[in-house]
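Below you will find one chain, with nothing else, as structure tokens; this is the form predicted alone, and questions on how it binds or moves follow later.
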């Protein structure tokens, strides 16, 4: 079925999807309400401040469809390619919105109360916890219409709960695959950590066919409880004709820390929205991103570092390398709410232009409603330093290789802040593959 359907057609379709997954009635009600909201909200235009500079013409959903079947051959191919890290605490693999494999966590973690299961199970078996945190924050960065579409059509995803004092030492790995021409997918991650818990999660977003057009509309809710430490990594590598939106909300309680790193190398158009709410005193949020854009790719990032409590800190570092006619857009705001005194917040965007036709648009901003704060922001765009190229040429390194070395070194600053060698190596491999393509 097409994503463009009328209200009277939506009810039976949504019910059919819900029954297929045996979703509870309260969740079906929320999906029906979300569909009404989706239909009531207008399509974005470039006149909207939150969509300034965006190529909104790419957001025509008429050709995309939901549903579809998976052949055994396709399933085997997906499972064979769903290995990013050698050692993980658990793994889930989704094709479309269907869970096709789950490597269960250890019995020791289960006994300590860790829950790692699909959304459709979690909303039944852990309904109170699920309802409290599932899409509990409104989409305020421009994509309210697409957040509503996601809630209306999401039928599976990952639920991970880490209880008080539990540390999951190895990363948790999740794969989401698009398969089929004009297919759509609605990936979701709900990660909740209790007091003093610690976890690292990496999500991979991939296409089975590197040429097939598709549509992805994902959400992740990250909750860092008091004193918890959450690390989240997104490796976005959709096919070159995919239109993708990803909406993230991170809530940081007192003395907790959350670090996210988003790598963007695939898709035709990718928009990423990140809302970080520092709701507890002593909380910290680090927002990192790396984008490698070629041809006519467009990467569109919108962020909000929302300091609600005093003595909180946030640090944003986004680094983009652009070649050919690629474009990047960054619109970010540091907001310090009233009484959030002694806030310490940074925002830095750096663009490396490898072509005269590449375009980088950066719009950092501050909104400070409290005293005794330290907030800085800035954005720079420039080309490869000729002295650096000359230094490498003098050592016999050809121009193309020299440029690649300079660019990977430029991007590596953000990746190394993860302080996780296995994940860093994997991300560097993906970047190398992008340059080699």
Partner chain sequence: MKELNIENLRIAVDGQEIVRGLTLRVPRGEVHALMGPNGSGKSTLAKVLAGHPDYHVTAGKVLMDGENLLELEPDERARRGLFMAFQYPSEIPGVTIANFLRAAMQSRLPEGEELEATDYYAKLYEKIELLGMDRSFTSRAVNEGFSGGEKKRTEILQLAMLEPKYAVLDETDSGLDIDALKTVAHGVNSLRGPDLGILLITHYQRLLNYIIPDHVHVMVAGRIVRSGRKELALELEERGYDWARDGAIEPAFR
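Numbering follows the first chain given and starts at 1. No experiment lies behind these values; they were computed from the predicted model shown.
Note that the form predicted together with its partner chain isn't included here; everything after this is about it.
When contacts are defined as a non-hydrogen atom within 4.5 Å, none of 26, 29 and 33 contacts its partner chain in the model of the complex. Within this chain, residue 57 is remote from the site of its partner chain in the model of the complex, having no heavy atom within 4.5 Å.
When contacts are judged by a 4.5 Å heavy atom cut-off, residue 47 does not count as touching its partner chain in the model of the complex.
Interface membership of residue 398, defined by any non-hydrogen atom within 4.5 Å of its partner chain in the model of the complex, is confirmed.
Remark: residue 412 counts among the residues lining its partner chain in the model of the complex, judged by a heavy atom distance of 4.5 Å or less.
None of 61, 70, 405, 369 but one reaches within 4.5 angstroms of its partner chain in the model of the complex through a heavy atom, and that residue is 405. Exactly one of the stretches 61 to 69, 48 to 56, 381 to 389, 33 to 41 approaches its partner chain in the model of the complex with heavy atoms within 4.5 Å, and it is 381 to 389.
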